[in-house]
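A single chain comes next, written as structure tokens; it is the form predicted alone.
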């Protein structure tokens, strides 16, 4: 009886171990996600409802909706929201158009294709800090390349302070971000284009369909899942991006080139107000969640790729 009980116990242990094995294998990844994703979000939400200014440690405590009310009264917020919208739409829109054109060009066979492909994808391998410093120098008023070329062409009479004019300072940053992000769309769309079966285009050629008609009737519908996913991810990344703004303009002059993420940095760096910065971060999370839901419904992602 004892041996029989031991065998049953061992059998139950092995059965339980097999049932638990997937969860045990996933445990390290789950712990990493909890440590680096879930905990920061929970902490940010907590700080959003606190008065947490490092310069005022004696009054740290829960303050309800005060941080959100303060943000609504912030005179800079409407301008920063418009900047963020312009930043995302202009950057992602031009990145997508140029990246799509680049992918279509590289999808054809020509001499030196591999070398050319390596060159045009090079910006994606450069750090954002270096990109920001290069474009900051290019748009410099005193010795920048852009001012030098415009003077040589006679388009301006004197150097222009591109990075110091309130209504112009965000444009050079957008140009830098476009240059930096075009390879992402180029790589992703090129990979999708190479997955389109040649037989479909051959059949369309036999039917007399032109290249433009094939592009809109065959190619784009076929690679729609890739287009939707890359647009979704790129909008989120660009929306959350503040490194080039911080390096090139610092959000100035007078917050004229700030977007929401760079304004969060300003709240932390200049006023040390972690409460308002966290409240702004929570609002950004809400905006991105709503955008993701609406975007996937509008683009009908579940039906994507059906010809």
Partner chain sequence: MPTAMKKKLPGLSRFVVLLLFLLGTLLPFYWMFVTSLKSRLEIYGAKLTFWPKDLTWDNYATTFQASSFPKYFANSFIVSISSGLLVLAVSILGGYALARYRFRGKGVIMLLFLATQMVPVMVMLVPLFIVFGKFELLDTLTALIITYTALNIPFCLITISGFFQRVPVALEEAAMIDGCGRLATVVRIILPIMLPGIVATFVFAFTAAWNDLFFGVMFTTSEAVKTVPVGLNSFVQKFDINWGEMSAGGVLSLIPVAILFAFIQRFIVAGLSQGAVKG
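Positions refer to the first chain, counted from 1. If you're wondering where the values come from, they're calculated on a predicted model, not measured in any experiment.
Keep in mind that the form predicted in complex with its partner chain is missing from the display, and what follows is about it.
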Partner-contacting position among 213, 108, 167, 73 - heavy atom within 4.5 Å of its partner chain in the model of the complex: 108
Contact test in the model of the complex: residue 65 vs its partner chain, heavy atoms, 4.5 Å: no
Residue 18 within 4.5 Å of its partner chain in the model of the complex, heavy atoms: yes
4.5 Å heavy atom contact, residue 145 and its partner chain in the model of the complex: yes
Residue 135 within 4.5 Å of its partner chain in the model of the complex, heavy atoms: yes
Complete contact of 81, 85 and 155 with its partner chain in the model of the complex (any heavy atom, 4.5 Å): no
Within 230 to 249, the residues that have a heavy atom no more than 4.5 Å from its partner chain in the model of the complex: 236, 240, 242, 243, 246, 247
